[in-house]
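As structure tokens, one chain now follows by itself in the form predicted alone.
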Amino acid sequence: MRNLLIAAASISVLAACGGADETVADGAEPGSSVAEADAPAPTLEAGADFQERLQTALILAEEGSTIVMPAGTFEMTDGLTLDVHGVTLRGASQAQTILNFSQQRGSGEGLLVTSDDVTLSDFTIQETKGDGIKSKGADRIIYRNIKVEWLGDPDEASGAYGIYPVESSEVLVEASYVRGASDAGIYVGQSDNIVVRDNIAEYNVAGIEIENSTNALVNGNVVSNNTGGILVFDLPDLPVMGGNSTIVRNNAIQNNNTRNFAPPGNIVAGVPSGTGVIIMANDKVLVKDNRFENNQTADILITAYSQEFSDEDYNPLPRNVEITGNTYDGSGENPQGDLAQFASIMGGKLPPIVWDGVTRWGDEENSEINIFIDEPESVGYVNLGLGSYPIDVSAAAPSMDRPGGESIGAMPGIVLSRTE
């Protein structure tokens, strides 16, 4: 197989933001640093032993090589692995190259990538027993034009994550489609320098989740018919904590009213059906220029981490959140989960923006949260005034007065050295 000559990738600054008035320069559009191939890569032939030949090709691939899968639907009984740097794995298109894992043995992912500088594009993964595609410690990975789906109605027996990069730097997920994950359709965890753009996520528990990560841009996605649309979380007791600096911008976040079908005990099992964006225990989050529509609980929920933890380095409180320039329509009409009981004392509905009002943990003193809402006065807001967890509804002191926060200012730039 011929080698693909990887052109020297120029550094592309994707986001250099300046708070509420910032502009984000998406300078690294697909193809802006195109690698030049010396000749088309050969295509694997279809056939009864396709799975074995594909796995062999992945094992024997040389660094920088391209593996092209043919059009067709291929039944897979075992998960695939890739541990060679610089490999491109490409199909004919999402619609034409389908790897179906409905007969998969075991409970692993469909494809596991553990090497750097990998590009995955133009194929579909279906019906895996575990996660769809997982990449771990895979720096500078690109997911492009990928589909991962579980067919049929939402089911807790479906795999947890569709597209699942973790413990990586420089992650790009774009123009992909995820459906039916019992946790998150697109999940990026414990990673740094992340761009998730122009994807469609529907009928997952969480459409897109950025967790315990830094410097993330979630831009231009359509997130609909999930339980919760976009989650920005920071959790305790993980190797990487202190998630911060996430921009959620220009997304369509609508009709996220699917019942929560996460297995019990999963952190997202507590996500109320009908939430657009949830910011939990994270620092420096900008929610800007999104279109919210028909999320039955609330469009934006700002909340503390609500479960017990022992990690002394963990901060369970959200802080430095800026909300500006979004549009809102028809949400909060039928709040679900814990929020339903608060809605009941507010006439049965909730406004688009809800903060739990938690400012301290246990017996600690109150902390400065800094929530800045730069929206017209016609956009509703409520501070539930809980003060601390665990929830005590009788202690709630709802207030419609907006917090007197300040803009969080400039956001760090997001740098991807590889976008071809």
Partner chain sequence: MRAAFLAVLVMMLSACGQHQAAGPDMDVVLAEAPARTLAEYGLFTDASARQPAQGVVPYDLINPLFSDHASKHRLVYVPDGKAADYRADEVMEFPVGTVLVKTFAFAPDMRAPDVGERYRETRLLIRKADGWAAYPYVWNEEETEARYSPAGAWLELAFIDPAGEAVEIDYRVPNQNQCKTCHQMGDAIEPIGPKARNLNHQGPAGVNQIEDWSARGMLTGVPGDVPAVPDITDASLSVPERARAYLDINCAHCHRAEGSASNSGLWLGWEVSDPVKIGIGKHPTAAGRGSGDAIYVVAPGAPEASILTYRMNSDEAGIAMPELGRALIDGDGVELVREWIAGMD
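Positions refer to the first chain, counted from 1. As the structure is a prediction and not an experimental result, all values here were calculated from the model.
Just so it is clear, the following notes concern the form predicted together with its partner chain, a form of the same protein that is not shown.
Of the candidates T327, Q307, S102, S344, Q307 is the one whose heavy atoms come within 4.5 Å of its partner chain in the predicted complex; the others do not. Only one of A340, L238, L151, A71 lies close to its partner chain in the predicted complex, with a heavy atom inside 4.5 Å, and it is L238. Per the 4.5 Å heavy atom criterion, its partner chain in the predicted complex is contacted by stretch 157-165, the sole one of 157-165, 242-250, 194-202, 286-294. Its partner chain is not shown here, and in the predicted complex it never comes within 4.5 Å of any heavy atom of T124. Its partner chain is not shown here, but in the predicted complex it comes within 4.5 Å of a heavy atom of G108. A residue is said to contact a partner when one of its heavy atoms sits within 4.5 Å of a partner heavy atom; K349 fails this definition for its partner chain in the predicted complex, lying far away. In the predicted complex, K136 approaches its partner chain with a heavy atom inside 4.5 Å. Residues T77, D78, G79, T81, L82 of 63-82 are found to place at least one heavy atom within 4.5 Å of its partner chain in the predicted complex.
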